[in-house]
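Provided below as structure tokens are two forms of one protein chain, presented individually as structure 1 and structure 2.
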Structure 1
Amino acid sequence: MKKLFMVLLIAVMATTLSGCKNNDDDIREIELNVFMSFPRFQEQFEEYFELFSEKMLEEENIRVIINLEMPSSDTAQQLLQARLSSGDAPDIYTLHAIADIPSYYEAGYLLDLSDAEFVDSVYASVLESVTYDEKVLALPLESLAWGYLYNKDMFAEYGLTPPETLSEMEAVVATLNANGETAFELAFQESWIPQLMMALSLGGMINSEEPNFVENMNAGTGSYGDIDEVFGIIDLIMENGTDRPFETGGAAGSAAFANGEAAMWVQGPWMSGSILEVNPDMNIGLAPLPITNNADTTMINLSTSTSLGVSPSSENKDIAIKLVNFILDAEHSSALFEELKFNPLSSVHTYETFPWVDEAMSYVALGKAYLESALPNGVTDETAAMLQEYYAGTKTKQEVIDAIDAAWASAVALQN
């Protein structure tokens, strides 16, 4: 009897091991190369992608290995464009919805995602921002309403409210200076940060006083000199900011702002997570940046910025699309977007919005907002570099204007 039992046990074990071996043999293993300009969120996306890999292995017997590349924001676009043009495209990559989708699609770098599962859940106004040539070409990640960040507790301490004009901002700065406070956080080590001043200023001007600015620039009859009033707020910020800005990047700027070293920071809500990591109790405010003494130019920027596209040259398009769909997974997406401090943009999102989002949207409700416009390729990068030099004193205002005008003209010439 004992001998029979041992024979049966060995047979069962052999069958079990044989079954395991067959299951392992049936597993399909693929790799996805994912390129994202979110180094501050690397840990969050690594964990989220691990959930996707587990789901694929469990449900479809596919082992997905995700190679995640996250270069700095300053170098990401240049590296990505080099990869795309050399035929070494990542399977999935981040790009700017407004600025990049048209040119990337025309160059053949974006797969049509119109039939992807996520499309039906994205809010119509957000979906429009990733639609070109009647095709949905990317999954939106960041839907933003932004201006500048301010320390609400510090403002309350000195009886301040967000100013609506340049003169009112000058008065706010004077009050802060009189009380020994620094008005603005300056973090210019990464060039994309100082250019936010021009982005907000330009948006406010062309959506109020200078509605023909983009048309004139494209026709070669316009100039940044036509809106040189924007240097008023830029000068005010630069003259009343924290020390050693070229030694301060986004992470250090977030820490300094969180610790009360400045009352305001021309920076978007995408930095709120970094700020709250340092000071979880910080009372963050968000308001439109005053540009001139015309309050109509003081407006909130509405945009969809960073989005996810899929390369048409991907050898694993089916899995790449599944991963993109998983970003808006009904079970897991809300937790991801809430942790990243991103705005809800899909019907699957059920988390509460943040106080600074509500504050920004209060301006939108008053009509003090505009939809972000795309600038020609290279203009934003040139603006970023020129504003660094302007602060350093190596370029005059006129030289900055001339350089950005030239970058715009070159971009238009390449398009024609």
Structure 2
Amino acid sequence: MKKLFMVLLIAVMATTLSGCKNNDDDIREIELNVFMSFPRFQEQFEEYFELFSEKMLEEENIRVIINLEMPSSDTAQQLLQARLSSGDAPDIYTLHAIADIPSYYEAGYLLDLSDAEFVDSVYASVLESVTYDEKVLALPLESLAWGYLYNKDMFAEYGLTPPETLSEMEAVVATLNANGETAFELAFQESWIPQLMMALSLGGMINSEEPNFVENMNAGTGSYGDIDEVFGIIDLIMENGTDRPFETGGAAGSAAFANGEAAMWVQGPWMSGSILEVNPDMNIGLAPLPITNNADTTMINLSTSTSLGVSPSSENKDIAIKLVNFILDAEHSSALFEELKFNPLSSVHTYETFPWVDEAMSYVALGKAYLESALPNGVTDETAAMLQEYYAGTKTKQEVIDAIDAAWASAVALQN
């Protein structure tokens, strides 16, 4: 019985295998492993890669089988790093443009894409964020222009406009308080959200009043004490925020903001999807965060987060690069980016953008924007933890400054 079964199995396998060979003799078959930290966009990318496979089959007689792996974003980086360091690199993978490109490149895990087709169509300011060591190392996917979000209807109701300086912001907060509204949504359960306050205000300071800050910090002569003006706005936000922030995560925060529980939220437009899901009619506004009474420090942050790199160890580099180029394909790319609610970042993108993107771009057009600069590894995480403790009252302002200084110094020491 068992033998018969084995014989049958072998016969079946043999016929299927030879079947493949006989029919498609002249078609080359190629497998590409694609690793993306976008489980929420699985369907969209699957469909899009289907288009690519069709195109390849038609134009080059290559059957491309794409193995798409989409782990959740909290585990993606650990999985990816384990893959890379064990020599099992995916052909194409997502990484953070500003935080990851330098270290991945130094470790030899990124292919130089400077000669790829897409480079010509990407906006210069976005291209700069994926360029390191004068090489284009990744294709930008998510490009961001962000500040804080505000409830346009609520602002209109009380006759408010986005403030340009800290004292104007204080006046806005006072008006909101007088009308029984809460000024700021605080969702501090996930530490990256309070960290956004520092990211924005630090960026504003570095790109106006303290241009040598990063240099000084790297040389060991600077300190966050030099930019302690940023605590002006941070204190203001923390003192005029919603209750129980440590019990509110990103999703709960989106819901609360969408329901008008607070007028402003220091949060990027990447949350617009979950906000609109709760309240599809919400008028989301986006403005740069004032830091001091110098209006020049009030700027929009331009950055690129998720981008797509190609592994140098890929066996099918040419096809992998073709796939990366196809992401910015003149014919199909607009539809994809529009569906994913990503910002346009290339001249091939012709879709209509969201009102808050236009609002952010209006500040960019006035020159009130800066390109996010990379901080040493670990500084952002340290800032995130420290700001939580600052709110909880377990760390004082000086302790926060000292801890971030120490994290910076240890990162610099490790790099050398």
Partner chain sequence: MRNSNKVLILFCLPAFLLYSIFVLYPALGGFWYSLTNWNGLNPTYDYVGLSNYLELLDDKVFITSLLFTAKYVLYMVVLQNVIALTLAIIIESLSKGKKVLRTIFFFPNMISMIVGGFIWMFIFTKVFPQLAEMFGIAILNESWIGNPEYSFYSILILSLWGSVGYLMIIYIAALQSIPGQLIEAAKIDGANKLQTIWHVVRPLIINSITIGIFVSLSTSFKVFDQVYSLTGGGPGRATQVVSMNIYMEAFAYQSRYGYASAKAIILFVTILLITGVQLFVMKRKEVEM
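Treat the numbers as computed from the prediction; the structure is a model and nothing was measured. Here the rigid core means the biggest group of C-alpha atoms that line up within 1.5 Å when the two forms are laid on top of each other. Please note that residue numbering is based on structure 1, beginning with 1 at the start of its sequence.
Novice: Quick one, which of these two is the form predicted in complex with its partner chain?
Specialist: The chain shown as structure 2 is the form predicted in complex with its partner chain.
Novice: So that I can tell if Asp381 moves, could you say whether its C-alpha shifts by at least 2 Å between structure 1 and structure 2 after the core superposition?
Specialist: It does not, since the Asp381 C-alpha is displaced less than 2 Å between structure 1 and structure 2 after the core fit.
Novice: Cα of Tyr351 displaced 2 Å or more between structure 1 and structure 2, core superposed?
Specialist: The answer is yes, as the C-alpha of Tyr351 shifts between structure 1 and structure 2 by 2 Å or more after core alignment.
Novice: For the rigid-body motion of this chain between structure 1 and structure 2, what is the smaller part's rotation angle in degrees?
Specialist: Domain rotation angle comes out at 20 degrees.
Novice: Upon rigid core superposition, what is the positional shift of the Cα of Tyr123 between structure 1 and structure 2, expressed in Å to one decimal?
Specialist: Displacement of the alpha carbon, after core fit: 3.9 Å.
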